[in-house]
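You are given structure tokens for the same protein chain in two forms, set apart as structure 1 and structure 2.
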Structure 1
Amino acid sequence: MSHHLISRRQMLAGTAAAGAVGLTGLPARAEVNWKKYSGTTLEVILAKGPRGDNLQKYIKEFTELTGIKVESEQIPEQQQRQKCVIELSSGKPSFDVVHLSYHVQKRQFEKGGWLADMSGYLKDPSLTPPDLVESDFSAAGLQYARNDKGQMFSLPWSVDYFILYYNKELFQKKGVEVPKTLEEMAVAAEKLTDPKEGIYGFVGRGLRNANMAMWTNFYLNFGGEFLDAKGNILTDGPEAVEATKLYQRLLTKSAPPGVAGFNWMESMASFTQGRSAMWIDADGWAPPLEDPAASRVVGKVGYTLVPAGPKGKFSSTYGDGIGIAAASKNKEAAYLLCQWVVSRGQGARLLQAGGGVPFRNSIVDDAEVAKGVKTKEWLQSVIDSAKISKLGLPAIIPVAEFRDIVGAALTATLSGADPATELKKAHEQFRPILERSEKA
């Protein structure tokens, strides 16, 4: 893996120095009392992936620093979400600290009142080093972590922007330019497609539910908004129909056969085998694409922004946070862990490994940290995406139903169904579900 610029010692020193800076201010700030909860044991539930890996790999340092013992487990994403919801709703969760997906769980967790309010801890200098301030988190992160009243119920951990991956070699071979607009992208995809050679211009998620994450980026770029002022869902309007037509065109004319069943994994397989020229997905896939053991396109991958639509240029944004169970008996110790998880040192490591992008601007914009990132083009695409980021899913409780129902409509268009009709049908089906969930 890439060499880590920030060593453990430097990190500890940095934290201490930051604390010292805090002392010079008026009124004097106390230093973080790291050892206050020494001897405590924390249970942590993580979704499987690079974020969980990053925590587990370096957790010894946290234990050294604080004397707090951490027991953590990683569970595959879907099962982890289910387990968390069931345990939290029982009122006696088996964990103190929980890793949550904002785009799926934000409203549900808020409504359940399952997480502890961190607003006070963030302002407490004995718990929070001075470099960790709310304003350092990106707007999307704060939007995710804060409730309507502005309280923080979690710390934004890692953000996913949707970007365009493209195969430079295939582009050169056919003399195709990197597309700047969605329309150009569709045309380029058709030019790059050569079924006889087994080469396709575009690959992306066709599988119901998963496909929504990519489709919403088209939708946003066509000028779509998810909810109107009254909270009605808007995904059957003209913007949605146009976005779906593009989706249908790309995945039926220029994508590999069977794409209706593809999630990111199948898409990535096609892309890493050099079988697809373009792929739009979350930003976390640079490490496998650049891994010679798993990829045939090492060094040939271009990373850039999702092309603009007629009404805008956005990057669909999703994110993870880390929070404390309201029922936990070790809330302050748990908070120490949470703020360590989003600390500068851990954030830099996550970014340098290419496993995720911290929500904290001070980390992403730091030239020192950037030096440790192997794929510069990837980093640039991420920094640029941050500037045009927009939440990729509506903040509603029945997100899973929304993704399933509209996602099924999208998949249906891949076997020739009419976009407008399918979206209308999905809309009729989803509206009562949304109304019921908001009423309850």
Structure 2
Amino acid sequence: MSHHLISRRQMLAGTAAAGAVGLTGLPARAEVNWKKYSGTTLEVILAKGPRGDNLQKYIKEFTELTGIKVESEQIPEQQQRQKCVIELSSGKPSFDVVHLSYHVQKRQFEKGGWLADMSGYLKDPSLTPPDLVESDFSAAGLQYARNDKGQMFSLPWSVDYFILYYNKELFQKKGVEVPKTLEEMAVAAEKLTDPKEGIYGFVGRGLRNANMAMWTNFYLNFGGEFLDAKGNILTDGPEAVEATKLYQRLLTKSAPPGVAGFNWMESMASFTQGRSAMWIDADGWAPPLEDPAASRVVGKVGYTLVPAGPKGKFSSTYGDGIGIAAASKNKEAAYLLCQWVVSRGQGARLLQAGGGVPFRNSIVDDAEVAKGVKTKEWLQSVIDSAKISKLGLPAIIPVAEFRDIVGAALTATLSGADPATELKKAHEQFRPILERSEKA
């Protein structure tokens, strides 16, 4: 997509003085001393994706504004997470600013004390423009960014709601209606599947660990909760079994061969090639789907809510933040970068590109920003998803182990294993890990 309506001049003005017409609507205030750390060099580690692309594309503007040079690298998600843990736990990270995945790293980073407290910076007018206030972040963003004491150890950057992508052309050919419920979706997927033509009704994450992000949409909509009042994990109960039966049905009856090894990338490839009629995944994939150089379904994609289940209608929600390494020697300079990353100008660009949804309400609710979003249907799907959002993973320290173990159980069902048996085995393995972690 190439529909950014915010000019570079507007961006600089909006960031520096918080006074760009149409972006902030607030009077100019120039207390921020942008040049205070001119000459500083910052190192940034990013997870590869649209957010990192957005930062790197416009980072020259930040350097022009502040005189701060930024060196950044984008690394595939799993490797980036591993690298962050290794370096932060060493106490000598090679980076000042870190892109973190809240749904995986929040508790781990808090327990390690690896991030600098931003609470004071946010209240300092020499570092923070007047339009950047905590109350502008959504409740989910604040829930992610704050610790139990209300301190902010990162700034909420971008939220991922899971949505349903569907191929309008394939639906029209078969005379199939867009599903409103999970059961309707399974039936529709079977009608749309035609292996002789290489067409499949549904595609999604079958790969261990990665599959948890999609499965939890089913789990929540079957009425599932992750933890009880005492912090015990609950994802092997009847709601989980029913959600897993649906997962198994979709991916064994209506998905492409080899789906047990699919993450989002392989799923997206099948969808963009017009081989799969439906795909449930995070909301940030509109740019590649609508890119004529990478997709055969440009202009044919529908965007809508994840269908409702028998006991709920939720969109699994995940999120990313931007934080400062506690060991950084350039914390205030790093903070200037962090608040620029979540600025209204940068957030508007991210939204307008369809690459993600800012946590800041003032951006998502801005009619002027919305005018710059080319795919209105996509925008409406994320606005509607925000109203039914629910955290997609439990807030526990060993969330990676949770994803690995339960995710492996889900993948096993794609080879015919019984959902109830596999979930029970997985939780017998995981519960001691959770108990040790919480007691440590």
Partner chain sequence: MIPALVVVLAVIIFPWVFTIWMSLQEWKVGSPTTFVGLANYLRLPTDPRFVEAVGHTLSYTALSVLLPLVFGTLAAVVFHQKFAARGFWRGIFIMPMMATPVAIALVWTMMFHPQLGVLNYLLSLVGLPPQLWVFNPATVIPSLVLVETWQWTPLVMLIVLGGLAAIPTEPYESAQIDGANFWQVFRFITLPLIMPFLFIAGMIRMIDAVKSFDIIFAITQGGPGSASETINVYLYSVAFVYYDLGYGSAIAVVFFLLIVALAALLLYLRKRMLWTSELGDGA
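Numbering runs along the sequence of structure 1, starting at 1. Here the rigid core means the biggest group of C-alpha atoms that line up within 1.5 Å when the two forms are laid on top of each other. Just so we're clear, the structure is a prediction, and the values are computed from it rather than from any experiment.
S.K.: Mark the structure, either 1 or 2, that is the form predicted alone.
M.R.: That would be structure 2, which is the form predicted alone.
S.K.: Align both forms on the core first, then report whether N330 has a C-alpha shift of 2 Å or more between the two structures.
M.R.: Yes, N330 moves 2 Å or more.
S.K.: Spell out whether the Cα of D124 moves at least 2 Å between the two structures when the two forms are superposed on their rigid core.
M.R.: Yes, the C-alpha position differs by at least 2 Å between the two structures.
S.K.: Superpose on the rigid core, then tell me if the C-alpha of S94 is displaced by 2 angstroms or more between the two structures.
M.R.: S94 C-alpha, core-superposed: shift of 2 Å or more.
S.K.: If the rigid core is lined up, how many Å does the C-alpha atom of E43 shift between the two structures?
M.R.: Its alpha carbon moves by 2.6 Å.
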